[in-house]
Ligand code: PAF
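Presented as structure tokens, the chain that follows is alone, the form predicted on its own.
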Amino acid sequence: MTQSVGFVPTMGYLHEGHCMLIRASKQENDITIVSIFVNPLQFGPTEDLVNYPRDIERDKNRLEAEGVELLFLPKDDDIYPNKISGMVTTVAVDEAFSSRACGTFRQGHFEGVATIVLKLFNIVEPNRAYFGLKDYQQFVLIQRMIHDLNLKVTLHGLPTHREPDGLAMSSRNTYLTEQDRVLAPMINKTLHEILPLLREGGSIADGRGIFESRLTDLSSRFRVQYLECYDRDFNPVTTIIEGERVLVTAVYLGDVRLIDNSLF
């Protein structure tokens, strides 16, 4: 009898959000596989590839505590044996999609994400894969790739897991200074404060203006990169319909870039 395989791909430095994905996989599958791989193909030349937080022993201990059956821990040469510069095949992402939200500011990022996820799916061959919805654009991309390329894997998206004060869990939260960590939850709080305006017919531009002014009034260390609204398939929208929209944002707090969203 074939055993079902659940897969949780990560870049490591695991937190409780990752563990929630692992627990969902263990509940629904016979075997759970977790991968840890910091994918160079999805980082831009000025981004934090070298400094991305890593602690493999810490992660191994956490996975053992969660009862994970298998850890896939490849090296760069295992995934890209001919080096990235020698690749002639990657997953192309439609420009209309990849130029939205994060893609506007991270050229080539979603091609890198799609390529590594496809490679991992091909290696692991899971029945089900588990992703958090904090990066909603990434989730929709993988959903579309599975559909467009007829992949035999079922995608499961779990709600963003948050700290008690509302900050979305992220490995990059470790970059925050003590003072900025106090300010960081205001991103999510302010995001929800502008939702009534949008529900009442306010424009996205007005919403962004209010969002930005409220954050910068709190601290000059906030810098809003974008605030945009899409439908659940990540198509741009001009009208707000309850239950069919996602408000997405990226905000710099000092030098740390944080993303968040609200499904409504």
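Note that residue numbering begins at 1 and tracks the sequence as displayed. Treat the numbers as computed from the prediction; the structure is a model and nothing was measured.
We do not show the form predicted in complex with pantoate, though everything after this point is about it.
For a residue to qualify, one of its non-hydrogen atoms must sit within 4.5 Å of pantoate in the predicted complex; all three of Met11, Phe131 and Asp135 qualify.
Just one listed stretch, out of 186-194, 159-167, 109-117, 89-97, contacts pantoate in the predicted complex at the 4.5 Å heavy atom level, and that stretch is 109-117. Scanning 213-230 for heavy atoms within 4.5 Å of pantoate in the predicted complex gives no residues at all.
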